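Presented as structure tokens, the chain that follows is alone, the form predicted alone.
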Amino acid sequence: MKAEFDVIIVGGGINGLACGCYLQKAGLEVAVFEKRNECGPFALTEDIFGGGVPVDTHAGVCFVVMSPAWADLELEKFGLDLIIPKVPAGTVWKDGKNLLFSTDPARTYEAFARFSKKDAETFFRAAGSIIPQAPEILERGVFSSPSEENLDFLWGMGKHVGFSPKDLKTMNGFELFDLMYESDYVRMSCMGGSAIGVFGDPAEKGEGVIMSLLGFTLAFGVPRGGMHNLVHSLVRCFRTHGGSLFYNAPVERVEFENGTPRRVHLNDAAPYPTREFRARQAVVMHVSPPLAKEMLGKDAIAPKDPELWGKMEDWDMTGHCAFTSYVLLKSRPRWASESWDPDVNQCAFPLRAWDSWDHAKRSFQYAKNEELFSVAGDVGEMYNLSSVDPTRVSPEGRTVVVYEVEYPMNLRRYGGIQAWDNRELTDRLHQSHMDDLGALISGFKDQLLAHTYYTPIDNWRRNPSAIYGHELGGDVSGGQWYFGRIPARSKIPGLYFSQGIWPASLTHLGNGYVAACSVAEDLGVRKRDWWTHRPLDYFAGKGFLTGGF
């Protein structure tokens, strides 16, 4: 049994796998150790109702179309079949209106113009300025390690919408959309896309505007058959290039030699005759910072990199925790707003937004105050993937709609985090989601066959590294925004991170890519003729207009 490798990656999430694929393909000997019996624990696809409908039980939006990894790693060759929806996203309201984003720019313009012709022109003027530069924006702002030069570049994005870098540093997303648009529906729809908070909190100064503007560069697809096929494609890629993958391999500690991480020790539960493995050149930690801290130990980190140890000690994982409801329907849903725009029935990711612009502003403040039931069902991502993927429909025609909402985590008003196991409380939250779906889907009660939900604590049980069910590897706002994240390349030789870094952990595989670049540069294997693609280039080359506009 081989026990020595050039690089060892602790954690088999999708970004740990992506990092391993790059480094193995670049010629290094790489091993990935995963605690569970399956990789990609937040990219699972399961038949949770036993009705023959595959359901993505956490990650539902596949942003890999934005990523260099799609082409660099030839993921299509390894089985990733991405469907690009004609109507990827939109916003639906209880008053019977919707606003849809289409890959056909004319249809998107029409959708905006129904609310305000002026706003449609403003939106397309901004999109027309940002989208041609989207590959560079993503390359420097997302798919690279933080730097002062790159941050200045992000502040410079204000020029696309008529604001100076100083303006961007002193305004948030609400003020931006107040100044850009006149229609509250347009404001809510654009803020809804920002509210997912993957690049920062849209209600915070500075980062909020960056989050809102980066929304113009987002692009996504639907993996045919389910999100776990992204995991399978990465595993096939890694193994095809000779990588070693260890399942059921919980890492207990990382041992340092002469100040460098060298030995990875599995705990006694691991079913391997060898429990100690050696990394000749590097160890990459693809677990959340609080767990990495336990495995690495204070004595090894604090003296050499006190700033890193301080971040790991104080790491916050309470701000982006999902509560997800699932409903099994007799057939594909018909949305109550179809009379406004029937294309809503083709929309893969409709967003339930607030009932008014003032409601949106109040909701953000209530969330910061951790007033749980004041924000119940206020805004949520819905996954209606059967609208574009026929494999998400059972032989009887049944489908599943998913409703995911980010909630305040601490529940101090209800006795603490353990209250997430209080089914009386969580049933109330779930019922608020059911009420929303009842108002948004025509004939919902007659269509409904079954329903269930997962709380943040349920998600944590399913993914041990996602403490409190946190899906981004730690909050991406305030002190943990941009430079506040864990560095991909630590000050300790041979120690790298691909979780908790910038960008946040998502299906665009950005943090796996950034970590791989850091390791490869240091080990002299970065320059490869296949490692050349830029963000969105491959997507645009397939004939799609970048950004979904």
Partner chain sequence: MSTQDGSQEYDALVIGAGPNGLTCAAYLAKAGAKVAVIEKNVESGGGLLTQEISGFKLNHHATYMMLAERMVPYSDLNLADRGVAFVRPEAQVAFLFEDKSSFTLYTDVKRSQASIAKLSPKDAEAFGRLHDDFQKMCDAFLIPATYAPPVEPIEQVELLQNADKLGKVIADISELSPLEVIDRYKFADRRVKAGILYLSSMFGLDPEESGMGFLAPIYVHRLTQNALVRGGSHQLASGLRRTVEEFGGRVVTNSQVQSFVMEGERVVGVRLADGELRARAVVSTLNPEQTFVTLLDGTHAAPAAAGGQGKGGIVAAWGDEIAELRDMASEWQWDEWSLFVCSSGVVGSAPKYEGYEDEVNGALVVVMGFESPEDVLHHVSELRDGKLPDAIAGHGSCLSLFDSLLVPNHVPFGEHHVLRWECWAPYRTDWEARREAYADRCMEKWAHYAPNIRHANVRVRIPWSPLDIEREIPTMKRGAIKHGAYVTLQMGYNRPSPDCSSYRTPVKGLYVGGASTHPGGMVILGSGYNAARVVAEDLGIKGLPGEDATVTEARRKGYLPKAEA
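Only a predicted model underlies this, so the values are computations on that prediction, with no experimental measurement involved. Residue numbers count along the first chain shown, from 1.
Beyond what is shown, the protein has a form predicted in complex with its partner chain; the following relates to that form.
S.K.: Going by heavy atoms within 4.5 Å, which of 63-71, 484-492, 30-38, 507-515 lines up against its partner chain in the predicted complex?
M.R.: Going by heavy atoms within 4.5 Å, the stretch is 30-38.
S.K.: Could you tell me which one of F163, F444, W460, F115 places a heavy atom within 4.5 Å of its partner chain in the predicted complex?
M.R.: Answer to the contact question: W460.
S.K.: If you check K94, R413, K298, K77 against its partner chain in the predicted complex, which one has a heavy atom within 4.5 Å?
M.R.: Looking at the other structure, the residue within range turns out to be K77.
S.K.: Can you check whether P271 is within 4.5 Å of its partner chain in the predicted complex, heavy atom basis?
M.R.: Judged by the heavy-atom cut-off of 4.5 Å, P271 is in contact with its partner chain in the predicted complex.
S.K.: Any chance D421 has a heavy atom within 4.5 Å of its partner chain in the predicted complex?
M.R.: Within the cut-off, so yes.
S.K.: May I ask you to check whether Y453 falls inside a 4.5 Å heavy atom distance of its partner chain in the predicted complex?
M.R.: Output for Y453 is yes: heavy atoms within 4.5 Å of its partner chain.
S.K.: Using the partner position in the predicted complex, report whether N248 sits within 4.5 Å of its partner chain, counting heavy atoms only.
M.R.: Residue-level check for N248: yes, a contact with its partner chain.
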